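One chain comes next, on its own, written out as structure tokens in the form predicted on its own.
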């Protein structure tokens, strides 16, 4: 139950739902108990009236006695019907409070998890797969809802019914009540033993479900690769194998759950036998009437469902505890990417890296070694290097997806850590190496960083990215939906749309992370000419492995294995006859061929 303590704040928030639910539960159970007493009165009335009825056999009073007797039985029947209707009405109110409360808590918990996910750093998403993240916010939250909804509802029902029924039973005959309740401790011990098994197996099931969700998500994300390599059969076989593991674990849990029903029925049956046997002795002793025995049997059967629900409720609570523990694991993760001074100011764009060293926390790879760089506001710096040289790491550090292991990054002379995260990122335009576009219209994708943007700016950004002609040819133009539910753009078109999204924000710092790798040389020249105009009066960081993309920069830095090997302008580096010239000549020969 320690893991479920996280939900107490929500139970406090919706306390009136809980309080009224408890009140309605007590009232509905009260109307459920009264009919048992009415049955007792009716049966005792029958026994007593029959003796008097036969005493006046053959007289005119016998007919009058029958009329009174029939009316009394009818009255008891009507009262029992009224009690049943009132119980049903209050049961409706119970569900309208407690189940509605559980839906509110489910909604709040999902929002809490989603909002927390968004605060976590990039390193968290490198360590945890998407399927596991989705399983915790969907499957695990659904199991938790079963605790705050039906489990609490049946738990309250069990408590109130036990208090009411047992108090009535003891008031009638304490000895008979003791015998009737004797099987309950045995039931409690059995439930305790079985639930220890349920906890362990529930955790195993949730872990298996996470692996299954991850596999499915990866399979559908990479469906093109699967089809291209004709691996559909192997993928289906692997899915079947993973499903078999999940099925086997679920069946093991089901076998344990199956113990509850026969165990409860056995113990309830034993209670009925004890009622008849001990109750018969009490009748012979003159301490009880046959109506009392019938009332006790009704009480025992009235306790049957709550006692059965005790097993189900305990099982659901343990599953919820296992799920909430998994949720708490991620909720307890705290991002280290926090602002120290929360500065919310407009920047000019001066950039400085001071002896920055960075090691990826999950893999231990040293991406940057003692990297230093100074860029004045409005200048363009190009970072050139081969794959794995640490180019993209610079973009991640600059957008503060990570913090340097050592060293410092400054913007306008102020440490990057001092700026408010949202403020500094809002003033940056970032075009990632791996393009991601949302299943939205082209307009909404361009407006993503600034939803209130005017359509004129959207059009201009698309023109600057040399994508306007392509969009004009689409039947729905800027309202064309892209991604899974619409037209599939080519790799080059996706990159250009990503560029348009970045420059449309009019950022103070523009970061282009190898964003022209999927376009041809002609398109690259057009975009570069447009970007040259856009880059004026704004700081630009161009990251690329192609010399053609960086030669117009004010300063070029050549990286190799995380260290600076050359630095200067295009002409200076060509004259140096070093790594840059070698790359330039190789790429020039390739383009000529």
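Keep in mind that this is a model prediction, so the values were computed, not measured. Residue numbers count along the first chain shown, from 1.
The same protein also exists as the form predicted in complex with a small molecule; that form is not shown, yet it is the one meant from here on.
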Query raised in the report: Pick from 281, 142, 130, 386: which has a non-hydrogen atom within 4.5 Å of the small molecule in the predicted complex?
Result: 386
Report summary line: None of 455, 490, 363, 469 but one has a heavy atom within 4.5 Å of the small molecule in the predicted complex; the exception is 363
Query raised in the report: Can residue 206 be called a contact residue for the small molecule in the predicted complex at 4.5 Å between heavy atoms?
Result: no
**Report entry** in the predicted complex, residue 287 touching the small molecule (heavy atom, 4.5 Å)
**Finding:** no
Query - Heavy atom of residue 402 within 4.5 Å of the small molecule in the predicted complex - result: yes
Query - the small molecule contact at residue 126 in the predicted complex, heavy atom, 4.5 Å - result: yes
Requested in this report: Counting only non-hydrogen atoms, choose the one of 155 to 163, 365 to 373, 408 to 416, 248 to 256 that falls within 4.5 Å of the small molecule in the predicted complex.
Outcome: 365 to 373
